[in-house]
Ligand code: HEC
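In the block that follows, a single chain appears as structure tokens, in the form predicted alone.
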């Protein structure tokens, strides 16, 4: 049997040149390339998962505004392995973003962008941008209310960009409003344009890795000198180099196998994100937000003043992109060890803290009304009948609870009103409710006189409980009188 296999293999190899195609796997690499070097392989495998699951989903998906939502329901609920495939595609995207981020951080900390690998770093940064673009365009293909409104919000923000804002907004929407043209455009970009570009750049990135070699682990006190580095690297490979396959690749195999298992387990047991209601422009009670890996940028745009939002939206990505692309230009030689480059450690740590903090703020989204706020319980209201009870009901029915907190319940867009009676008098409450404020609509036209009295009666009960040390005999007499 083994002899037959060898004969077949030799025949195929002679006709197809398989061993030549696999020869890059035997590329000589420094033997000290250990666990820190697995993130590149993990990113590539996550991309392969995306391609495979995306192709499988495309067999059933119809990129039509009238049928996309129904086909996703069919894929999720009725198609064989449909729910699992959607989960693979979703968690594969998350894994790819995590792995490419870790790969970039490791490359930066190890100074692997220095001579002669400047272009390897550049193609990697472009692949990061394309990956985020894939995530943004893929969200709309769910074609539910959240996805549609997210694109509308993105187009509205893009429209504030000076000079080219209107053109960018129309390009995003495929016209003046969201519709079938928007979905078709995003589908084409997500399925054809970006994957094709990524295949080309992945090939270029891998070729550059083969051409310049895998960077050796940095050593403190051994700076990169462009005049002598190539000779030193070749000497290192002759002394201690090992073929990537099979001598060094076993770590990559372990990590990518674990990654695939983790993606599959999450897809099977957790499943894909639940679909929201179908897109309906008449329903304004929506809370659009991007997937988690873009949530931090969503939070940044929401927190900055509206006057500069357009400048930040276009300027911030360009600034970050240019800084990353120029890193190997102004710092292409010298020390590679992170211990000799504390500024590099600071940049990575601050980036993680900034993105993590903004992501957490985006999860809380205090600027967005909470349209799912439940009515206040009788315990929170403090009454079961009368004006205070009716006012507590009105506080929910009129949408006040969507933007304001009462004892931790409600929204965070407006001030916390748990103890508002300690701050505002009855007259001030009436003025604020009737006339509105900076971001608060005027409720005067929509409230009947009796409803206004009930609402104010409820808010007047929102006071801090009196502490024992605050209860003087005079105060207690005043209370009981």
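All of these numbers come straight from a predicted model, not from anything done at the bench. Numbering follows the first chain given and starts at 1. Basically, rigid core = biggest C-alpha set you can superpose within 1.5 Å across the two forms.
Missing here is the form predicted together with heme C; even so, the following discussion is about that form.
Shown here without its partner, the chain carries 101, 129 and 133, none of which come within 4.5 Å of heme C in the predicted complex through any heavy atom. With the partner omitted here, the residue from 44, 62, 28, 433 that has a non-hydrogen atom within 4.5 angstroms of heme C in the predicted complex is 433.
Checking 399, 174, 165, 116 for any heavy atom within 4.5 Å of heme C in the predicted complex turns up a single hit: 399. In the predicted complex, heme C lies farther than 4.5 Å from every heavy atom of residue 49. Using a 4.5 angstroms threshold between heavy atoms, residue 395 counts as touching heme C in the predicted complex. In the predicted complex, heme C lies farther than 4.5 Å from every heavy atom of residue 56. Put simply, residue 450 is far from heme C in the predicted complex: not one heavy atom of it is within 4.5 Å.
Checking 399-407, 199-207, 214-222, 89-97 against heme C in the predicted complex, the stretch whose residues place heavy atoms within 4.5 Å of it is 399-407. In the predicted complex, 438, 439, 440, 441, 443, 455, 459 are the residues of 438-460 with at least one heavy atom within 4.5 Å of heme C, listed from first to last.
Relative to the superposed core, residue 418 undergoes a C-alpha shift of no less than 2 Å between this form and the one not shown.
If you fit the rigid core between this form and the one not shown, you'll see the Cα of residue 67 move by less than 2 angstroms.
Once both forms are fitted on their core, a CA shift of 2 Å or more is seen for residue 391 between this form and the one not shown.
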